[in-house]
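Next up: just one chain, as structure tokens, the form predicted alone.
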């Protein structure tokens, strides 16, 4: 039962963080391109890489860190990052005849998220001495 509460609490926090950050980015950079979603997904990928380096081992989540993992990764990052918004915004760009921007959104999001996850993981290993 505590696991469900942690995921729900983290989900609420992550969703609010995504709503706030994507709105700030959209107001500053405009909404012709989904910069807010891109920034959210890339920063979430960096964070999951960092947390994976800290809490994941070959057997799964390190002993004694299950609740932290549920709160931070499953809850907060699970609702903070958004593949569904990314998909819908890419489709909207295609429907608007913006195929180049749609392609950039797909390639940029995938490439930047993978790079951010790798950078976060390496940073986590350095911080943990691993």
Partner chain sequence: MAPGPRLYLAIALGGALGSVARHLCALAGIALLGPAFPFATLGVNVAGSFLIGLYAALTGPDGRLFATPAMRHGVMAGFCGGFTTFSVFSLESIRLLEAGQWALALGYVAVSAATWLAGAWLGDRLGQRMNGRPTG
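Just so it is clear, the structure is predicted and the values come from calculations on it, not from any experiment. Numbering follows the first chain given and starts at 1.
Absent from the display: the form predicted together with the partner chain. The rest refers to it.
Contact check for residue 28: no non-hydrogen atom falls within 4.5 Å of the partner chain in the predicted complex. At least one heavy atom of residue 91 is located within 4.5 Å of the partner chain in the predicted complex. The partner chain in the predicted complex comes within 4.5 Å of no heavy atom belonging to residue 123. The partner chain is not drawn, but in the predicted complex it has a heavy atom within 4.5 Å of residue 95. Interface residues of 1 to 24, taken as those with a heavy atom within 4.5 Å of the partner chain in the predicted complex (partner not displayed): 4, 7, 8, 11, 12, 15, 16, 18, 19, 20, in sequence order.
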